[in-house]
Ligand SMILES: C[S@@+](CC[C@H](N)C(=O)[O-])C[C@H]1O[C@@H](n2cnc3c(N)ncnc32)[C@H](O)[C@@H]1O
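First comes one chain, alone, set out as C-alpha coordinates in the form predicted alone.
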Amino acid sequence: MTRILTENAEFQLLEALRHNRRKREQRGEFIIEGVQAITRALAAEWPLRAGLVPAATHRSPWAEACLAQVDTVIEIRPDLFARLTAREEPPELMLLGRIPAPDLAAVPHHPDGVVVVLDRPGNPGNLGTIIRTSDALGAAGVLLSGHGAHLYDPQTVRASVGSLFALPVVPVPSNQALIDWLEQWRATAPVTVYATDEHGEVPLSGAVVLSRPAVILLGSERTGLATALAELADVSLAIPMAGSASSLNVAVAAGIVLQRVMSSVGGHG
(Lines give C-alpha, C1' and ligand atoms only; values in the text may rest on other atoms or scores of the structure.)
Protein backbone atom coordinates (compact mmCIF):
# COMPACT_ATOMS: atom_id res chain seq x y z
CA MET A 1 0.00 0.00 0.00
CA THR A 2 1.38 3.39 -1.07
CA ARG A 3 0.09 6.68 0.37
CA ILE A 4 0.08 10.15 -1.18
CA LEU A 5 -0.69 12.74 1.48
CA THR A 6 0.90 15.83 -0.08
CA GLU A 7 1.11 17.44 -3.51
CA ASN A 8 4.31 15.56 -4.21
CA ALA A 9 5.78 14.68 -7.59
CA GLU A 10 3.81 11.43 -7.83
CA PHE A 11 0.53 13.24 -7.23
CA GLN A 12 1.38 15.93 -9.78
CA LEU A 13 2.04 13.23 -12.36
CA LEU A 14 -1.32 11.59 -11.59
CA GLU A 15 -3.09 14.93 -11.89
CA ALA A 16 -1.37 15.58 -15.23
CA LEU A 17 -2.93 12.40 -16.61
CA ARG A 18 -6.33 14.10 -16.47
CA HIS A 19 -5.39 17.02 -18.67
CA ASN A 20 -2.14 16.32 -20.49
CA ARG A 21 -2.09 14.01 -23.49
CA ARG A 22 1.68 14.12 -23.72
CA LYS A 23 2.08 12.98 -20.11
CA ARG A 24 -0.33 10.09 -20.70
CA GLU A 25 1.67 8.99 -23.71
CA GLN A 26 5.05 9.51 -22.01
CA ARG A 27 4.05 7.46 -18.97
CA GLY A 28 1.91 5.02 -20.93
CA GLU A 29 -0.85 5.39 -18.32
CA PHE A 30 -4.36 6.79 -18.02
CA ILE A 31 -7.11 7.09 -15.41
CA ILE A 32 -10.16 4.80 -15.48
CA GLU A 33 -13.23 5.81 -13.46
CA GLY A 34 -16.87 4.80 -13.36
CA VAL A 35 -18.37 1.53 -12.14
CA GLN A 36 -19.00 0.08 -15.60
CA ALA A 37 -15.64 1.15 -16.99
CA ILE A 38 -13.76 -0.32 -14.03
CA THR A 39 -15.80 -3.52 -14.03
CA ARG A 40 -15.27 -4.07 -17.75
CA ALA A 41 -11.57 -3.21 -17.58
CA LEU A 42 -11.08 -5.85 -14.89
CA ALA A 43 -13.23 -8.38 -16.77
CA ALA A 44 -11.10 -7.83 -19.88
CA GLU A 45 -7.91 -8.22 -17.79
CA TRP A 46 -6.74 -4.84 -19.04
CA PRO A 47 -3.15 -4.14 -17.92
CA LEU A 48 -3.17 -1.98 -14.79
CA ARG A 49 -0.56 -0.23 -12.68
CA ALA A 50 -2.61 0.55 -9.58
CA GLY A 51 -5.92 1.16 -7.88
CA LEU A 52 -6.45 4.70 -6.57
CA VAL A 53 -8.60 5.28 -3.46
CA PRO A 54 -9.20 8.16 -1.03
CA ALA A 55 -7.39 7.55 2.25
CA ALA A 56 -9.23 6.68 5.46
CA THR A 57 -12.66 6.21 3.87
CA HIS A 58 -15.10 3.30 3.93
CA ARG A 59 -15.14 1.18 0.78
CA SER A 60 -18.02 -0.88 -0.56
CA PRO A 61 -17.76 -4.65 -1.14
CA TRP A 62 -17.60 -3.90 -4.89
CA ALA A 63 -14.57 -1.63 -4.42
CA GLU A 64 -12.84 -4.14 -2.16
CA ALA A 65 -13.45 -6.90 -4.71
CA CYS A 66 -11.96 -4.71 -7.45
CA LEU A 67 -8.90 -3.86 -5.37
CA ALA A 68 -8.32 -7.55 -4.71
CA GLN A 69 -7.61 -7.88 -8.45
CA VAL A 70 -5.01 -5.08 -8.48
CA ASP A 71 -1.40 -5.62 -7.43
CA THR A 72 -0.79 -2.08 -6.15
CA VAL A 73 -3.14 0.21 -4.20
CA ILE A 74 -2.41 3.92 -3.75
CA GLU A 75 -4.26 5.77 -0.99
CA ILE A 76 -4.55 9.50 -1.65
CA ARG A 77 -5.57 12.30 0.71
CA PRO A 78 -9.29 12.82 0.02
CA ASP A 79 -9.07 16.44 -1.14
CA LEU A 80 -6.23 15.53 -3.50
CA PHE A 81 -8.09 12.45 -4.73
CA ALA A 82 -11.06 14.70 -5.61
CA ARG A 83 -8.79 16.67 -7.95
CA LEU A 84 -8.27 13.57 -10.09
CA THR A 85 -11.91 13.50 -11.20
CA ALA A 86 -14.28 15.97 -12.88
CA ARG A 87 -17.25 14.57 -10.96
CA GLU A 88 -18.93 16.64 -8.27
CA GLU A 89 -19.03 13.58 -6.01
CA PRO A 90 -15.64 11.83 -6.16
CA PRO A 91 -15.85 8.07 -6.72
CA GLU A 92 -14.63 5.54 -4.17
CA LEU A 93 -12.19 4.01 -6.61
CA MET A 94 -10.27 4.74 -9.79
CA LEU A 95 -7.81 2.61 -11.69
CA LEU A 96 -4.53 3.55 -13.28
CA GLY A 97 -4.49 1.69 -16.60
CA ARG A 98 -1.59 1.06 -18.93
CA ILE A 99 -1.72 2.19 -22.57
CA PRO A 100 -0.96 -0.77 -24.84
CA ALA A 101 1.19 -0.52 -27.94
CA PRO A 102 -1.02 -0.02 -31.03
CA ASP A 103 -1.54 -3.31 -32.85
CA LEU A 104 -3.53 -3.31 -36.09
CA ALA A 105 -3.57 -7.10 -36.02
CA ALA A 106 -5.90 -6.85 -32.99
CA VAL A 107 -8.71 -5.70 -35.34
CA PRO A 108 -9.81 -8.89 -37.08
CA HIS A 109 -10.58 -9.42 -40.76
CA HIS A 110 -13.90 -11.20 -40.24
CA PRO A 111 -15.46 -12.44 -43.51
CA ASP A 112 -18.76 -10.79 -42.51
CA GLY A 113 -17.41 -8.09 -40.18
CA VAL A 114 -17.64 -4.32 -40.03
CA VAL A 115 -14.87 -1.98 -38.90
CA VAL A 116 -15.33 1.72 -38.17
CA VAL A 117 -12.51 4.11 -39.15
CA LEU A 118 -12.61 7.53 -37.53
CA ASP A 119 -10.44 10.26 -39.04
CA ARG A 120 -9.13 12.97 -36.69
CA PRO A 121 -11.98 12.90 -34.15
CA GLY A 122 -12.42 16.39 -32.78
CA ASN A 123 -14.22 15.64 -29.54
CA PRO A 124 -13.39 12.98 -26.92
CA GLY A 125 -17.07 12.63 -25.99
CA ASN A 126 -17.97 11.81 -29.60
CA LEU A 127 -15.05 9.41 -29.82
CA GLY A 128 -16.16 7.55 -26.71
CA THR A 129 -19.76 7.45 -27.92
CA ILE A 130 -18.72 6.00 -31.29
CA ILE A 131 -16.71 3.30 -29.51
CA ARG A 132 -19.72 2.49 -27.32
CA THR A 133 -22.07 2.44 -30.33
CA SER A 134 -19.69 0.26 -32.33
CA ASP A 135 -19.53 -2.20 -29.46
CA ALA A 136 -23.31 -2.19 -28.97
CA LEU A 137 -24.10 -2.78 -32.66
CA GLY A 138 -21.53 -5.52 -33.17
CA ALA A 139 -18.65 -3.90 -35.05
CA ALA A 140 -15.41 -5.88 -35.06
CA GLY A 141 -13.30 -2.89 -34.09
CA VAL A 142 -12.55 0.82 -34.41
CA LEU A 143 -9.49 2.38 -36.03
CA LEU A 144 -8.37 5.96 -35.40
CA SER A 145 -6.55 7.89 -38.10
CA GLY A 146 -4.72 11.20 -37.80
CA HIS A 147 -4.20 13.47 -34.83
CA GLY A 148 -7.49 14.06 -33.03
CA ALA A 149 -9.06 13.57 -29.62
CA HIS A 150 -6.99 11.25 -27.45
CA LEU A 151 -8.24 7.70 -27.09
CA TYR A 152 -7.27 7.70 -23.40
CA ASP A 153 -8.61 11.12 -22.49
CA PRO A 154 -10.81 10.76 -19.36
CA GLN A 155 -13.79 12.08 -21.35
CA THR A 156 -13.28 9.42 -24.04
CA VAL A 157 -13.02 6.67 -21.44
CA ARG A 158 -16.10 7.91 -19.61
CA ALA A 159 -18.21 8.27 -22.79
CA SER A 160 -17.30 4.77 -23.93
CA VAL A 161 -18.88 3.39 -20.72
CA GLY A 162 -16.38 0.53 -20.67
CA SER A 163 -16.63 -0.41 -24.35
CA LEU A 164 -13.04 0.76 -24.79
CA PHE A 165 -12.02 -2.37 -22.89
CA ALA A 166 -14.33 -4.77 -24.72
CA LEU A 167 -13.67 -3.82 -28.35
CA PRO A 168 -10.38 -3.54 -30.27
CA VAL A 169 -9.76 0.20 -30.68
CA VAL A 170 -6.45 0.98 -32.34
CA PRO A 171 -4.75 4.22 -33.41
CA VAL A 172 -3.30 3.82 -36.91
CA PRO A 173 0.31 5.03 -37.25
CA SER A 174 -0.16 6.29 -40.83
CA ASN A 175 -2.55 6.33 -43.77
CA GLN A 176 -0.30 3.82 -45.51
CA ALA A 177 -0.60 1.42 -42.58
CA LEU A 178 -4.39 1.68 -42.87
CA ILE A 179 -4.24 1.08 -46.63
CA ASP A 180 -2.03 -1.99 -46.11
CA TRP A 181 -4.40 -3.34 -43.45
CA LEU A 182 -7.37 -2.86 -45.81
CA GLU A 183 -5.57 -4.54 -48.72
CA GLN A 184 -4.80 -7.55 -46.52
CA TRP A 185 -8.51 -7.88 -45.74
CA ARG A 186 -9.49 -7.40 -49.38
CA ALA A 187 -7.17 -10.26 -50.32
CA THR A 188 -9.49 -12.59 -48.40
CA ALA A 189 -12.95 -11.00 -48.71
CA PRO A 190 -14.94 -8.54 -50.92
CA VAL A 191 -14.79 -5.58 -48.53
CA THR A 192 -16.90 -2.52 -49.33
CA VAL A 193 -15.65 0.82 -48.02
CA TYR A 194 -18.41 3.31 -47.20
CA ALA A 195 -17.67 6.96 -46.47
CA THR A 196 -20.13 9.37 -44.87
CA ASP A 197 -20.37 12.79 -46.49
CA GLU A 198 -23.15 15.37 -46.38
CA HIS A 199 -22.58 15.76 -50.15
CA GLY A 200 -22.33 12.00 -50.75
CA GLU A 201 -23.29 10.50 -54.07
CA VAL A 202 -25.73 7.93 -52.63
CA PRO A 203 -28.54 9.08 -50.31
CA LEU A 204 -29.00 6.56 -47.49
CA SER A 205 -32.65 5.88 -48.27
CA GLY A 206 -34.63 2.74 -47.51
CA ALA A 207 -34.00 1.43 -51.02
CA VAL A 208 -30.21 1.44 -50.67
CA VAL A 209 -28.75 -2.01 -50.05
CA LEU A 210 -25.52 -2.05 -48.06
CA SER A 211 -23.24 -5.06 -47.75
CA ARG A 212 -20.73 -6.73 -45.48
CA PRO A 213 -17.88 -7.13 -44.90
CA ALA A 214 -17.45 -3.38 -44.75
CA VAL A 215 -15.40 -0.47 -43.54
CA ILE A 216 -17.20 2.71 -42.50
CA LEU A 217 -15.11 5.89 -42.87
CA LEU A 218 -16.11 8.84 -40.68
CA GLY A 219 -14.46 12.22 -41.11
CA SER A 220 -13.94 15.13 -38.78
CA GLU A 221 -17.06 17.28 -38.35
CA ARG A 222 -15.00 20.36 -39.15
CA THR A 223 -12.87 19.22 -42.08
CA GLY A 224 -14.37 15.94 -43.28
CA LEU A 225 -12.27 13.01 -44.40
CA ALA A 226 -8.63 13.41 -45.32
CA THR A 227 -8.19 13.11 -49.09
CA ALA A 228 -6.13 9.94 -48.82
CA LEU A 229 -8.92 8.24 -46.89
CA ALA A 230 -11.76 9.60 -49.02
CA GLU A 231 -10.07 8.03 -52.05
CA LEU A 232 -10.42 4.60 -50.44
CA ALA A 233 -14.22 4.79 -50.49
CA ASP A 234 -16.20 2.60 -52.86
CA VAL A 235 -19.47 4.36 -51.94
CA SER A 236 -20.01 7.86 -50.57
CA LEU A 237 -23.16 7.96 -48.43
CA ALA A 238 -25.26 11.01 -47.55
CA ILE A 239 -27.82 10.83 -44.74
CA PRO A 240 -30.96 12.65 -45.94
CA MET A 241 -32.03 15.66 -43.84
CA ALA A 242 -35.73 16.33 -43.34
CA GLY A 243 -35.39 19.40 -41.11
CA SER A 244 -33.37 22.60 -41.20
CA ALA A 245 -30.11 21.09 -39.86
CA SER A 246 -27.38 20.88 -42.48
CA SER A 247 -25.48 18.01 -40.87
CA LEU A 248 -25.50 15.48 -38.05
CA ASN A 249 -23.22 15.01 -35.08
CA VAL A 250 -20.57 12.48 -36.18
CA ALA A 251 -21.50 10.04 -33.42
CA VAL A 252 -25.14 10.09 -34.51
CA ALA A 253 -24.14 9.60 -38.16
CA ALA A 254 -21.92 6.70 -37.13
CA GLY A 255 -24.83 5.01 -35.36
CA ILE A 256 -27.18 5.42 -38.32
CA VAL A 257 -24.78 4.04 -40.92
CA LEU A 258 -23.46 1.27 -38.69
CA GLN A 259 -26.97 0.09 -37.85
CA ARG A 260 -27.85 -0.06 -41.56
CA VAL A 261 -24.72 -2.01 -42.43
CA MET A 262 -25.05 -4.40 -39.49
CA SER A 263 -28.69 -5.12 -40.37
CA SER A 264 -27.82 -5.98 -43.97
CA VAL A 265 -27.89 -9.60 -45.05
CA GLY A 266 -24.15 -9.71 -45.75
CA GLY A 267 -22.51 -10.56 -49.01
CA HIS A 268 -21.19 -8.16 -51.61
CA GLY A 269 -23.90 -5.81 -52.88
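Residue indices: 1-based, along the sequence shown. All values reported here derive from a predicted model rather than from experimental measurement.
The discussion below concerns the form predicted together with the named molecule, not included here.
Within 4.5 Å of the named molecule in the predicted complex, a heavy atom is found for all three of 223, 239 and 253. Residues within 4.5 angstroms of the named molecule in the predicted complex, judged by any non-hydrogen atom, belong to 193-201 and to none of the other stretches in 193-201, 174-182, 98-106, 161-169. Here is the short version: of 213, 54, 51, 219, the single residue with a heavy atom within 4.5 Å of the named molecule in the predicted complex is 219. Contact annotation for residue 16: none of its heavy atoms lies within 4.5 Å of the named molecule in the predicted complex.
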